[in-house]
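Below sits a lone chain in structure tokens, taken as the form predicted alone.
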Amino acid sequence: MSQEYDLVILGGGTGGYVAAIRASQLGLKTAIVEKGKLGGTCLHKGCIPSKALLRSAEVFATAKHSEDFGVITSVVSLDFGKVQERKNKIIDQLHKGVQHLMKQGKIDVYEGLGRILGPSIFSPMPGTISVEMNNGQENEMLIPKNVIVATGSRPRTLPGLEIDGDYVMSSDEALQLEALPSSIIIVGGGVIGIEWASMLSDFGVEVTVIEYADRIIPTEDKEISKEMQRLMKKKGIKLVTGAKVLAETLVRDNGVAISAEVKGGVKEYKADKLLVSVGRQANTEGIGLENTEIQVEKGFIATNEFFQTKESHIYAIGDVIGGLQLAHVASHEGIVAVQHIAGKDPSPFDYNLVSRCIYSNPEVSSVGITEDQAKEKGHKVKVGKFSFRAIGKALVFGESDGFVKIVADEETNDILGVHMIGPHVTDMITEAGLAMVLDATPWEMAHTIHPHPTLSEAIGEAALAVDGKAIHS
């Protein structure tokens, strides 16, 4: 049995279902093929569940210091079962919301594994989708005019550190823990590794992070990394940087032991469990790419600025094309691709305007380029920094570590990047993102009236500081 569509999307994650909604709004007959659950990694194995756990960890850590706020409590304890129950309720609620959006948009959803077929009696071009249905029923044949590949990614591992779900985990397995370990080694000090380190430390787990680069969160501004390193150590997290994990030394026996080359020597580390957090790899296998002219480069599907592959009617978005592997990026890539399909002449995606967030405690957020990147690009920079220690709302919150940093071009006064570490900065970065979209100057950011007392006052003060005019420093 075959069905014809204007657009079929392989993958119902954040990028896929947002693209489907936009296509429906534009009048395109649309279908999604999803072998798991609508919402994909972000909803079920990434953004949402991890942030739910991080929030519980934050509340637990705050409760343990409630006397600082004059609130005297009895002994504070943790029910990790209820933590997981709360996480699952949030996921279920959002999953039902996505299902409702599909029905509302009259988007057909096929639950199964979709594969792109080559030229056939159905179509002279590759793109017909064969769906192996999860329920075991006969394969469905979908004949689309256009296809979007949005199959996402999965956790990457290292040779010798294969995931067993017991001693060695990826973030997928860690999200399903029934009980917390007393200690853990995290291999990888990037975004995901630091979020897990922060969370588990706040839950009371002894954490060791082993990072190959010379600093944690190495893609962030150096001053942000330095401050995060200081604050992670303050929490009791052991950070080992410039370290090469020796996977062949891994021992799994009533816990784990592993060695790493550090500063010319070899050191051994032991813990109950080991979490591998070394990035994500694209899901390109088993979806029929070999039946097309689509190019895969360094494990990711190659596209142009409108997300077309070498097959002009087949597009690809999200983690499967690499770049910034973020849910909000996938969503906007999907919108651009659909608008291009519909002939709406969209503007190319400007990745420099994407806000990036780390939901650790403290949080980190940024948009644009770092100070070092600006200098490498030949800019003569001027920098404004302002600490949360001088912000009344931060003191009221009891969270005054961190700062806001603005990097600008001295000659043009253009904002090149904004970087924050501190309380609730992931909720504040959008102001900086909007400033860059509107090509605002630090002067214009500074003269946006920030209400008092708010954490956002740090942005206004940092903008003033770019020209040495901060009021409260």
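Since this is a predicted model, take the numbers as computed values, not measurements. All residue numbers are counted from 1 along the displayed sequence.
FYI, the form predicted together with a small molecule isn't displayed, but the following is about it.
Listed stretches are 316-324, 376-384, 235-243, 72-80; the contact stretch with the small molecule in the predicted complex is 316-324, by a heavy atom cutoff of 4.5 Å. Note on the partner interface in the predicted complex: the residue among 90, 113, 163, 98 having a heavy atom within 4.5 angstroms of the small molecule is 113. Checking 145, 389, 280, 340 for any heavy atom within 4.5 Å of the small molecule in the predicted complex turns up a single hit: 280. Using a 4.5 Å cutoff between non-hydrogen atoms, residue 274 does not count as a contact of the small molecule in the predicted complex. When contacts are judged by a 4.5 Å heavy atom cut-off, residue 413 does not count as touching the small molecule in the predicted complex. Using a 4.5 angstroms limit between non-hydrogen atoms, residue 405 is distant from the small molecule in the predicted complex. Residue 152 belongs to the set of residues with a heavy atom inside 4.5 Å of the small molecule in the predicted complex.
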